[in-house]
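Encoded as structure tokens, the following chain is the form predicted on its own, with no partner shown.
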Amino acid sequence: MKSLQIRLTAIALGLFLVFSFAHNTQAQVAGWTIPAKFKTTKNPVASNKESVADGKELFAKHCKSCHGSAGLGDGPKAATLDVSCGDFSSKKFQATADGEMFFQMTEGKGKMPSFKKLIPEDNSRWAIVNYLRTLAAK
């Protein structure tokens, strides 16, 4: 009986450690579960006039309908959604790491679609991140 208790305790401890590790290796950003590596992933695309212009063009084509032309979350489709489209100019959003933005755009969640097929080039999605940085409230 004591041997069974020891085994069950060891299993419970093992499961606790596994779930604790899994939880600690992911970041929470406004309801998103983002793998920890994206918290420190740097944008490989230099933020310059060209990449920002490319990002702005892609944003207008793929994102503006929900997020609005200025990224305030007020696009024409936003009113039909039961979730907020966010305000990309806010300090809270701008504090999000580039890698987290890239992950959210790439993978999608719920009403936010994945853009890895619509915008298959990683560098194009990184250019959108560069554009989003220009939306910071002045």
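Values in this document were obtained by computation on a predicted structure and should not be read as measured data. When you see a residue number, it is the position in the sequence shown, counting from 1.
There is another form of this protein, the form predicted together with ligand HEC, and it is not shown here; the text below is about that form.
Remark: all three candidate residues (Lys77, Met105 and Lys111) come within 4.5 Å of ligand HEC in the predicted bound form, counting heavy atoms only. Within this chain, Val52 is remote from the site of ligand HEC in the predicted bound form, having no heavy atom within 4.5 Å. Of the heavy atoms in Ala36, none are within 4.5 Å of ligand HEC in the predicted bound form. Contact annotation: Gly99 falls outside 4.5 Å of ligand HEC in the predicted bound form, judged by heavy atom distances. Proximity of Cys85 to ligand HEC in the predicted bound form falls within the 4.5 Å heavy atom cutoff.
Residues are counted as partner-facing when one of their heavy atoms sits within 4.5 Å of ligand HEC in the predicted bound form; in 50 to 66 these are His62, Cys63, Ser65, Cys66, in sequence order.
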